[in-house]
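Listed next as structure tokens is one chain, alone, in the form predicted on its own.
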Amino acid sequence: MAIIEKRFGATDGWVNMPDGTSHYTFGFVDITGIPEKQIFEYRGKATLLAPLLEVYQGDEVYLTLTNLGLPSRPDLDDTHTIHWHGFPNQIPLWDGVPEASISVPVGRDFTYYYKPLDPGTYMYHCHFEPVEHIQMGMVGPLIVRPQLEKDLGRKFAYNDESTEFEREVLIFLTELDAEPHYLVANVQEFDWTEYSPEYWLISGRSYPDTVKPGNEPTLPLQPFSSLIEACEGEKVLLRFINLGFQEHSIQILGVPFKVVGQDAQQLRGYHGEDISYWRNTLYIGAGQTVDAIFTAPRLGIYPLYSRNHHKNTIAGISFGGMITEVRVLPAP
């Protein structure tokens, strides 16, 4: 068990799409360890996705949220929260639903406490005006690693040797409707019944940006690459998270998945029997996570893409969208 102390700032930012457009966002930025007099230098630097939270089961996590305000909309004094989606809190104080816990005003802090007991893939998001704030970009990934990794010194999705893997990649699915982002930036109302996304993203980027490296200078606030690289025969864990508002169907051309976990629960029956299963296509609903393992095939490049082909476009005009690549390299 370890004590994990993190600090995130809530603020705004801008993200870039491959068609040359930029879109206003809300989000979080990691300010862990930043001196107090320097934290406001991070205003306007919210990332999409929000920073990765990565812990082991049994760790004690102290996560401080500081509301830095919105420099592009200084008139907007929204409070913010952090809600660990699907996570069983012992008391509602740290749940992040503002009606039952705490919401953080501009210029203030609040420290959340968590003790993850179950490994798996989770997500977190702001739960203040969640329809708007989730679409605006206040979404992030959370991984709770199993004790078995520490015990054996190898990588596992769950406390079961059948879930062993050699590499892992985060596949975080969202959509972006440019209209509300434009209207919020320009102090206008949006009717959310007219929500109609035109950009489909993997880990905050649209193809071909999805396969660019994590430190890509043209994407300063979109730090996550979803390029999948593996050697022939290696087992690759894909941690799928859908925190958009639509269901997505995902396939790797010619490569099947073994689904070993869903919603941060290993697939086991009432009597401990293995109920994992194989699929060529994964259907992932809004608010759902799936842990799936595949074995890297022979050398080549294999597309991972949405089966809903209108989502494989950039604003319906050019090829791109919810696509990335699996690049298989020679075995060492």
Partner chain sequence: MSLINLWVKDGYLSTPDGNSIYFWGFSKSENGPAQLPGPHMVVTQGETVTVNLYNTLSEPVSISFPGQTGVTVEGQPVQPQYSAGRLVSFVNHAEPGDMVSYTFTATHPGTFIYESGTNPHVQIPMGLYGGMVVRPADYDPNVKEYKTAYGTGTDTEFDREYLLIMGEIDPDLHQAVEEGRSYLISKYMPRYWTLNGRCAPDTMLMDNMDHLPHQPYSSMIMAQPGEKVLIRYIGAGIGNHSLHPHGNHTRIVGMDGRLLRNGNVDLSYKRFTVLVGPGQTYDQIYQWDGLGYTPENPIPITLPNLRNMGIGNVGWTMWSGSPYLGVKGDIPKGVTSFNEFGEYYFMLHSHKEPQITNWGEFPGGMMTMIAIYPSLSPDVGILT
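Positions refer to the first chain, counted from 1. Note that the structure is a prediction, hence the values are computed from the model and not measured.
The same protein also has a form predicted together with the partner chain, omitted here; what follows describes it.
Figure note: of the listed segments 43-51, 25-33, 66-74, 266-274, the one touching the partner chain in the model of the complex, with heavy atoms no more than 4.5 Å away, is 266-274. Among residues of the shown chain, K150 is not one whose heavy atoms approach the partner chain to within 4.5 Å in the model of the complex.
With a 4.5 Å cutoff on heavy atoms, G287 counts as touching the partner chain in the model of the complex. Contact check for S225: every heavy atom lies farther than 4.5 Å from the partner chain in the model of the complex. Within this chain, C231 is remote from the site of the partner chain in the model of the complex, having no heavy atom within 4.5 Å.
Among I134, L219, V169, V184, the residue placing a heavy atom within 4.5 Å of the partner chain in the model of the complex is I134. Residues from 138-155 do not approach the partner chain in the model of the complex: none has a non-hydrogen atom within 4.5 Å of it.
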